[in-house]
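Laid out below as structure tokens are two forms of one and the same protein chain, each shown alone and named structure 1 and structure 2.
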Structure 1
Amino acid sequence: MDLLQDLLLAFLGIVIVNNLVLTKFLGICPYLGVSGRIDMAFGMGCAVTFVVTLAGTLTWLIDHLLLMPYGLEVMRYVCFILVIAGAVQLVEMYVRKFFPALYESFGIFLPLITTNCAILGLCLFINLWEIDNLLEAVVLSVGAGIGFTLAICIMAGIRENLELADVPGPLRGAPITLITAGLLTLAFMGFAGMI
């Protein structure tokens, strides 16, 4: 029961309290760039969730089964980036084959998942937090992806409603988006200390 409780708290912590986008400010580029429409935001969130889950799990395995036993910790960044790039290629091929309209609407943002700092950040946080349990690494990876999806979908919903709002001229577009992102970040930072 203790392990299940720890895993649940870790999951809720990475989704809400330590959301990589809203409290660590990682993954801001796709967060602002693809959050114009809720369908695109959800698709990007699913893609990032798959990539971050695969990358977090595989990098933990590579780190603990290969790099650390042989004293090759200096190769972490290279290995992590290669794993992330491979996972993104899988997602890109899948989306292009089965969802061509979504693939076209993503444009350059789908291949840019490779450089999404939230994914590399999670892999490094798993190492920094000294996670020594594969199950916990998987739970944190899935939670980080769901947290990203939650953040980008909330932002997309707000931005869709802002199109119907009477926003003053100088604040239309990027300014109101950045103000909204800041307020959303403040709201999520209010969860700090709850878990």
Structure 2
Amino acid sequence: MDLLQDLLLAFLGIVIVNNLVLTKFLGICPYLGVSGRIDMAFGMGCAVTFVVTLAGTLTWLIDHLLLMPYGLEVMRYVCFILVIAGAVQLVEMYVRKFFPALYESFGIFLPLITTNCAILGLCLFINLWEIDNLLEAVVLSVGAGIGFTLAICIMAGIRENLELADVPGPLRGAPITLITAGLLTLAFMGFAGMI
């Protein structure tokens, strides 16, 4: 039961308390760029969740089975980015072959996930927090993806309503989005210290 409790706490921690987008500033580009409509935001969130789960698990395995035993830590960043680029390519091929409709709706956003810093950021955080348990690494990866989806969907919901508001000229577009994001972060700060 202890293990289950630890995993549950780790999951809640990464989804709400240490949300990568709102407290660690990772994945801001898609967060600001793709959050115009809620259905696209949700699709992006799902794709990121899938890739981050795959990448987080694979980089943990490579780090612990290959790089650490042979003292190749210098190669860590190069390996990580290769794994992520490979995972994204794999997902792209798989989705194109088996779900062509979904592939059409993702469009350019699928390859762009490679340069989503939330994914590389999570792999680096798993390394930094010295997670030495595969199960925990997997749970953290899934949680990071779900946290990203949560943040981007909330943002998209707000922005859909913001379109009807009368925003002063210079604030239109990116500035008002950033200020909205700031207020959202303020709300999420209420969870800090919960775990």
Partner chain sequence: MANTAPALKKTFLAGLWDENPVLRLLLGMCPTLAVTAAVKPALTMGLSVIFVLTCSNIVVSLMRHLLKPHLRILMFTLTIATFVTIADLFLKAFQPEMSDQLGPYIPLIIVNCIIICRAEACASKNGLVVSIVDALGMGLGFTLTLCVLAGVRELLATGKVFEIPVLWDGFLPWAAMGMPVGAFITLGLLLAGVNAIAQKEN
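Note that the rigid core is defined as the largest set of C-alphas that superpose within 1.5 Å between two forms. Just so it is clear, the structure is predicted and the values come from calculations on it, not from any experiment. Structure 1 provides the reference sequence; residues are numbered from 1 along it.
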property	result
Chain form predicted in complex with the partner chain, by structure number	2
Core-aligned C-alpha movement of residue 173 between structures 1 and 2 reaching 2 Å	yes
CA of residue 90, rigid core aligned, shift of 2 Å or more between structures 1 and 2	yes
Residue 164 C-alpha relocation of at least 2 Å between structures 1 and 2, rigid core basis	yes
Core superposition result - C-alpha of residue 99, shift between structures 1 and 2, Å	6.0
